[in-house]
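Presented as C-alpha cells, the chain that follows is alone, the form predicted on its own.
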C-alpha cells in the first residue's frame, strides 16, 4: 500500500480483438493474416471503470501480453486516457494460455508496483480473461471481485458497486484488489487522447521471462498429464478371497457370530 498522500496507481490488463473478416484455413486454423487488431470492447469497459479512479487522481498503467498488433492495441488504450503502456513481448506461442498470461502480468505487477488495484475485462476472445485475472489474484494472494460497475477510494480501502444474480450491492474492499468490470458503458477516446497516445505517451516494451513462461506451461502440463490410476483385475481363488474378507472384518470368522 502506498504511503499516505501518494498517488494511487491502477494496473489495467487489456486484450485485443480481431477487426475484419477472419477466414478458416484448410487445416482448421484461423487465418488472421492482414486482419486488424483493436482494443476489445471488454477492455474499453475496464478502462471506463479504471477512469473512475483516475478522476480521483489515480495513475492508470495498461499492460498487454502481445499476440501481434500489440502496439496498436496499447496506443488505443492510451487514447482512452491511460497514462502508461506496457507491452509484454516474447510469449506469442503461449499467450492464449490463461496461466501464462497471469504469470507474466503478475511479474509486471511485482516489478512496477505497488498498485492499489488491478482492473480488467471480465472476458476476452482468448480462453476467457476471467480465468486469467482469477489466476492472477491467486498468484498475488489478492481478493477478486466480479461484476464491478463503480469504484471509489474509501479511506485505506475501496468502495465498489457490483452486480450479481441476486441484485446490486455496495461493498468496501481492501487495497489492493483485483476488480473485474461488469456491464458498463465502454470508454471512448478523445481527440487529445489520440494525439497524446501517438505523440506524447510512450510504450515500455518488456520481454517475457522465458523461465516464467516455461514454469507456467510446465505447471499446466503437469495438471493435464496426471495419469489416471488403474489397476488390473486380479484372479484369486475362493479360499483366498474369503480369507481377505475375514481379515478386513467384512465377513464373520468361521464359527463366529455374523
Partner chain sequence: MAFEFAFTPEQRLLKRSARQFMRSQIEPGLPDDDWSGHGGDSPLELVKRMQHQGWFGIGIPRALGGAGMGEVEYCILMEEISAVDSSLGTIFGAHSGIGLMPIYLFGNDDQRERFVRPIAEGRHLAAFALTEPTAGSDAASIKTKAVRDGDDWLISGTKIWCSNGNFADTVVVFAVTDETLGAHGGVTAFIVSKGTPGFTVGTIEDKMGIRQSNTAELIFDNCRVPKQNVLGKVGEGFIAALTALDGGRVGLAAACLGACKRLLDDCVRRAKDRERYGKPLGKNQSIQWMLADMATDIHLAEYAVYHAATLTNEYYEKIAHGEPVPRALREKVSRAAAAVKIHCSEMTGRAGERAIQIFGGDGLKMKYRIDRSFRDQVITEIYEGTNEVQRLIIARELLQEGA
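All figures in this text were calculated on a predicted structure; none of them were measured in a lab. Numbering follows the first chain given and starts at 1.
In what follows, reference is made to the form predicted together with the partner chain, a form of this protein that is not presented.
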Could you work out which of 204, 54, 38, 48 is the residue within 4.5 angstroms of the partner chain in the predicted complex, going by heavy atoms? 38
Going by a heavy atom distance of 4.5 Å, is residue 79 a contact of the partner chain in the predicted complex? yes
Within 4.5 Å, heavy atoms only: does residue 107 come near the partner chain in the predicted complex? no
Would residue 89 count as a contact of the partner chain in the predicted complex, using a 4.5 angstroms cut-off between non-hydrogen atoms? no
Proximity of residue 83 to the partner chain in the predicted complex, heavy atoms at 4.5 Å: no
From first to last in sequence, which residues of 173-196 have any non-hydrogen atom within 4.5 angstroms of the partner chain in the predicted complex? 185, 188, 189, 190, 191, 192, 194, 195, 196
